[in-house]
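Below you will find one chain, with nothing else, as structure tokens; this is the form predicted alone, and questions on how it binds or moves follow later.
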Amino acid sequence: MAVLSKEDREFWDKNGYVVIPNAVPQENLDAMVDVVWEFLDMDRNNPEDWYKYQPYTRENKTSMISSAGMVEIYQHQALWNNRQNPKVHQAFSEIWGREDLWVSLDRANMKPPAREDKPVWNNKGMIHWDLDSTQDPIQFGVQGVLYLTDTAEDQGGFQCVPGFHNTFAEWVKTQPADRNTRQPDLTGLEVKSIPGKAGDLLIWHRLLAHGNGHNRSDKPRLAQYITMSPAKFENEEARKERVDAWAERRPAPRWPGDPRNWEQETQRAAELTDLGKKLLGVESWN
């Protein structure tokens, strides 16, 4: 059964993102929220506890969370239960026009409210691309985020420049040769924060300038990043990297990772469904 309606597809074409409500069951969301707080060893009901760590930086990677709220958890069963949910896969397969996809081994997010007395946590958000925008042509791709809790417009969640994937080709002609290829000059561009309900899966076009926002509320933002792309089962090196990361409960190469090795020390490899085995690369789609 199709997940995206005709109206959804029209919205996608115009804006470069689409929201799929109730993408996973409530029990999946509850489990993932519990895991985030357990992993961080924080009391969710004590706001002072949300700032107990120094966030990691490129220079200091001794923490399991960044100032933008990126939580260095990758292979927990709760993450996998959302990744291998059939409705999530169906949504991505409709956008890609194919079902033979691999799921990203991505992280969670817990972005606490910005506070003046906690300057290292006063993250104002960003707008960027997760690609080198000088590529020509820029290949089609998507990214996604699952809202784990209701997220208001001022809560530091997903933000983007709607429709930018349609205007990028003309816009880039107006930019200087030495422009930042990962972060656009926002002059003349409108950034919009996208609020959502718990269980909303937001999928966006990878050329859409995007990021997470400034959490000006009194609640943390909680989310899980999930995306899918065409499977490359014939690429044995890439396939093995993914399978090894799952089996060893660690991030894939080139991701920051948790300096405590909490998943390796406390968790078993996540159980995969038949769909999950294909989404990881344990089994081929053929």
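As the structure is a prediction and not an experimental result, all values here were calculated from the model. Each residue number is its position in the shown sequence, starting from 1.
Although not depicted, the form predicted in complex with a small molecule is the subject of the following passage.
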Segment that reaches the small molecule in the predicted complex - one of 210 to 218, 184 to 192, 72 to 80, 91 to 99, heavy atoms within 4.5 Å: 210 to 218
Contact residue in the predicted complex, from Y225, W37, Y56, W246 (heavy atom within 4.5 Å of the small molecule): Y225
Residue among A169, M126, V120, I138 with a heavy atom within 4.5 Å of the small molecule in the predicted complex: M126
The small molecule in the predicted complex reached by all of D13, V18 and F164, non-hydrogen atom within 4.5 Å: no
Close approach of D130 to the small molecule in the predicted complex, 4.5 Å, heavy atom: yes
Contact label in the predicted complex: L148 to the small molecule, heavy atom within 4.5 Å: no
is_contact(Q143, the small molecule) in the predicted complex, heavy atom dist at most 4.5 Å: yes
